[in-house]
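First, one chain by itself: the form predicted on its own, in structure tokens.
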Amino acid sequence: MTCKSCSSNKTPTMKDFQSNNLFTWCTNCGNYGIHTALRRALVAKKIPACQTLNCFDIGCNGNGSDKIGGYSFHGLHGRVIPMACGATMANSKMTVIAFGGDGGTLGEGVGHLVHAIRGNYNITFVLHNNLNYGLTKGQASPTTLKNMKMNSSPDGVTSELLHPANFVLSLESTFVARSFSGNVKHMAKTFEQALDHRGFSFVEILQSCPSYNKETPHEWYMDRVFDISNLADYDSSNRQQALAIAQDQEEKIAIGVLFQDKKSVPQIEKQPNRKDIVTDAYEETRHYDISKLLSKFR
């Protein structure tokens, strides 16, 4: 399968990543900005739609699975990361991007996140962090602020929140970034940097949820986020500095590439049995006649 940009040898355009399907997100949802920023980043990196696999988890993020050109996969709740990791191991030529919410990723799927980082699989993972389970009407998630009142927690959340950036940085991750859904230009640049990284790229998007999260609306983030690229002495190769600057999620919230290991080696390149092999796993499949085996079970 080829897309128009590949068949005509033209540079990919925003139109290549368009869809005729209607958007179903709430008015002013942060997903609109994320969707636009991703398309801009793919075009800027000259990645054709037919070489892109977008993997979506269940949740509000997943409502974008049929709204973008390229190959798409809409998976099970909390299980999108292992699917994306398998895809990049099978076909390293594809640009694999996975999307998940704070609930599915840090609740049901937290184990998958841990081991994908540990393995350093060559995918870009975008965490839509709107501090709640939005698709199921505003239940508290692992990132919901303490004492914040939600539909399923009318007296306020009593558990401590899980801090995504600090959690991921503590796992020896090789790329950790953060952006804000209200700043499309910054998100697009951050996505470009993530796509360039060799290994597991973790991008947390601080996302407004106009329907169910009234504590941290768009304006709340606008007053608090700042871009670390404006800091003259910031060193993105220093994990301890990244941990320190990522800590504040209430007053001064850092966005940008918090940490990157530029010597990162992706999982597929660590395999001794793949040394000097130039083909991908999908190209090595063969047809095997298993009729004899099946006949034993008749």
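So that there is no doubt, residue numbering starts at 1 and follows the sequence shown. Remember, it's a predicted structure, so these values are computed and weren't measured experimentally.
There is also a form predicted together with a small molecule; it is not shown, and the following applies to it.
Trainee: Please pick, from 133, 180, 175, 125, the one residue with any non-hydrogen atom lying within 4.5 angstroms of the small molecule in the predicted bound form.
Mentor: When the small molecule is considered in the predicted bound form, the option within 4.5 Å is 133.
Trainee: I need to confirm a contact call. Of 243, 41, 58, 254, which residue comes within 4.5 Å of the small molecule in the predicted bound form, counting heavy atoms only?
Mentor: Of 243, 41, 58, 254, the residue with a heavy atom within 4.5 Å of the small molecule in the predicted bound form is 58.
Trainee: Please tell me whether the candidate spot formed by 77, 101 and 104 is one where all three residues come within 4.5 Å of the small molecule in the predicted bound form (heavy atoms).
Mentor: Judged in the predicted bound form, 77, 101 and 104 all sit within 4.5 Å of the small molecule.
Trainee: In the predicted bound form, which of the stretches 245 to 253, 228 to 236, 58 to 66, 264 to 272 has residues with heavy atoms within 4.5 Å of the small molecule?
Mentor: Comparing against the small molecule in the predicted bound form, the contact stretch is 58 to 66.
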